[in-house]
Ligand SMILES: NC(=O)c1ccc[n+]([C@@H]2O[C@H](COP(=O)([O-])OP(=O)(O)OC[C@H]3O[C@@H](n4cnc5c(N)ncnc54)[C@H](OP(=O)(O)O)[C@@H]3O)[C@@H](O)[C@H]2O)c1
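Starting off, we have a lone chain in the form predicted alone, written out as structure tokens.
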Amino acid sequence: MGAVRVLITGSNGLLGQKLVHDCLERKLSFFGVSSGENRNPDCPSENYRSLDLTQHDGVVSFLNQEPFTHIIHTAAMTNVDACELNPSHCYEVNHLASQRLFEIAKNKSIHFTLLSTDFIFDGKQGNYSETDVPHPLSVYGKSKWLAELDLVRSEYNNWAIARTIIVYGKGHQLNKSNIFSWLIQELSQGKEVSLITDHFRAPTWAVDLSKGCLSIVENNAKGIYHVCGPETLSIFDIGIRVARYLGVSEQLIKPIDSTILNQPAPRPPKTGFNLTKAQIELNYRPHPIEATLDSLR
């Protein structure tokens, strides 16, 4: 494989920050873009630029100035309820910006990796494989599925889709918290938390996900890959695991049903992925929850 130069979109986000860290560690040439100033102290200023991916002319101009062999497109609007309440903005960010970026990649023969989500599925069966047919329930899920379809239906095949589930970890000045950081904070202070018992997910440590994405880059892998945590649990059981890790009473975790939350966006009740393909082709080896929690404290 020749010289690699990776463009990381959403480099201020949790996954983006891990990708920057891993590129530096592996001495892979990279450049990070996000909206706003560089919030990641690990990302050298000369490797960063503020870029609004919804402003097409600016994106074209930037990519005409900077040569890349690979794009890892992590930037997205991921607040599921905000997407439901503002669908036009969601589609602009998650579908149209992605579509235009992929077109540029195609014209420049750049390998394109799109980060996607378990929310493209309806959650009726769980343990989804790459060949299962998506049926998104929410605006967010639909926006990501439309972005996927642009790749799947293209005559250009130099692309990969990395679908993942509840990404968690520790980062710098993140725009949003994640369930594990929140649980550790609340339970450590002896506070009670209410967690739903009827939704099941396979939470993904950002460190594992970054390695999976870079394995796609380094292998020039093509096609769809399911890249998530190794175990599918109810949100309630995730809380129990964290309570046990902290050595606090499991009685702090109060079971509730998702129907009482009245969330704007419908959510798939049970997802989780079959990881066989990623394990074989990417040597993907995700860590169990307990092995990751020390890194969050």
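Just so we're clear, the structure is a prediction, and the values are computed from it rather than from any experiment. Counting begins at 1, following the sequence as shown.
There is also a form predicted in complex with the named molecule; it is not shown, and the following applies to it.
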Can you pick out, from I120, L115, A147, V139, the residue that has a heavy atom within 4.5 Å of the named molecule in the predicted complex?
L115
Residue among P41, P264, G36, G247 with a heavy atom within 4.5 Å of the named molecule in the predicted complex:
G36
Just to confirm the contact call: exactly one of 101-109, 180-188, 126-134, 159-167 touches the named molecule in the predicted complex at a 4.5 Å heavy atom cutoff, so which is it?
159-167
Complete contact of G10, L15 and A76 with the named molecule in the predicted complex (any heavy atom, 4.5 Å):
yes
Report yes if any heavy atom of K176 sits within 4.5 Å of a heavy atom of the named molecule in the predicted complex; otherwise report no.
yes
Although the named molecule is absent from this view, report whether S234 comes within 4.5 Å of it in the predicted complex, heavy atoms only.
no
Even though the partner isn't displayed, in the predicted complex is V93 close enough to the named molecule, meaning a heavy atom within 4.5 Å?
yes
So, in the predicted complex, is L51 in contact with the named molecule at a 4.5 angstroms heavy atom limit?
yes
